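Here's a solo chain for you in structure tokens, the form predicted alone.
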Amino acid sequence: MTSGEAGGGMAVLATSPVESGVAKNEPKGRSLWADAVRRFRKDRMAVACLAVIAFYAVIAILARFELIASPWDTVIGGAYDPPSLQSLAHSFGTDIFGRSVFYKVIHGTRIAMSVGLVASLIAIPIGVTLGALAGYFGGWIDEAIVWFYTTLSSIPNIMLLIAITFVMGKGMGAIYVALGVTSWIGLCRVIRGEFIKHKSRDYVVAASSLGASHGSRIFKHILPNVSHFVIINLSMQFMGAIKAEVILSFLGLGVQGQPSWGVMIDDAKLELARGVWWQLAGATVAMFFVVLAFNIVGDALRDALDPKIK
């Protein structure tokens, strides 16, 4: 056999149909996010709960522009009319002033979702920034940040919330700030730990050797690799803000002059003795479903975004 024939035989062998077919049938690698979406979609309960959250969000947006319900203070009947099917407005009955409890629940949804969103948008940047600085730089910066959030966490959360609302006054603005500046500690701890773990890994060392600045290493290299913790924490922040707003409003320190779920529960505590249960039921049922949905979605996101769980 000549060298040309041998070379030809080797060429034919290298491009044999069997090997070519195997290469074509090999599954291509997926990114972390694509794999997380695929795994999340397999959890039917989580997908259903995500649809519930989306439904609440749509209700809140429509209520903001009064496209789904009349103004909550519209009088539609007599005092304490029980629930009836004569109209949607009467489906949850009326309060002492003849106002629709259904309309109040709808507008309370708007308040709950807006509080959860704004408080999360305040808390997450604080937690991510302080956690990243503490974990990346270490030293006195880490000690100062750890001392700061340890001191805050030693104060009972409800007492800290009450103190801030007393200083800033009552209303939606005070609720936003109070919840935003007190709910970042858990995320800060998680991000700090992840930055401590990632800053010495090969890809960060390589970026440093290529002249990447500290800001580039923090925000361009490490932060994208820990961003799934931020997404998981967002659902927890949202749920916690909704519950805290209800508690503050129930104590008379939250929303004023608007139908918050907490205000409705506070109003209903004296109505139960008269057998008027529908205002309490409307607020608690609405809160129950959205909090349960956020809990389930948060657990599903953790399972889907954790690359160690397969």
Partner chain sequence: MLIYLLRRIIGAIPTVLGVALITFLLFNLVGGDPTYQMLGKHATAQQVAELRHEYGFDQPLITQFVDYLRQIVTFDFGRSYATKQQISAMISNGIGPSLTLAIPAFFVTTILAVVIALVVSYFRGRWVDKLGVVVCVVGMSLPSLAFILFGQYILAYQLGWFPISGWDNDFSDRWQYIAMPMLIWVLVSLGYDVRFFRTAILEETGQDYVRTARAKGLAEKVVFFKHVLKNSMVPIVTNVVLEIPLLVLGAFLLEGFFGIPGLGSITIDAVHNSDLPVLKAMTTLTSLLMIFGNLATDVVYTLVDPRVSLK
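Positions refer to the first chain, counted from 1. Note that the structure is predicted; figures quoted are calculated from it, not measured.
What comes next is about the form predicted in complex with the partner chain, which is not displayed.
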Even though the partner chain is not shown here, does Ile155 get within 4.5 Å of it in the predicted bound form, heavy atoms only? yes
Thr150: touches the partner chain in the predicted bound form, heavy atom cutoff 4.5 angstroms: yes
Considering non-hydrogen atoms and a 4.5 Å limit, does the partner chain approach Ala241 in the predicted bound form? no
Please check if Ser70 has a heavy atom lying within 4.5 Å of any heavy atom of the partner chain in the predicted bound form. no
Pick the stretch from 171 to 179, 132 to 140, 224 to 232, 158 to 166 whose residues have a heavy atom within 4.5 Å of the partner chain in the predicted bound form. 158 to 166
Exactly one residue in Val47, Val37, Ile61, Ala281 has a non-hydrogen atom within 4.5 Å of the partner chain in the predicted bound form; which is it? Ala281
Quick one: which residues from 224 to 249 get a non-hydrogen atom within 4.5 Å of the partner chain in the predicted bound form? Lys243, Val246, Ile247
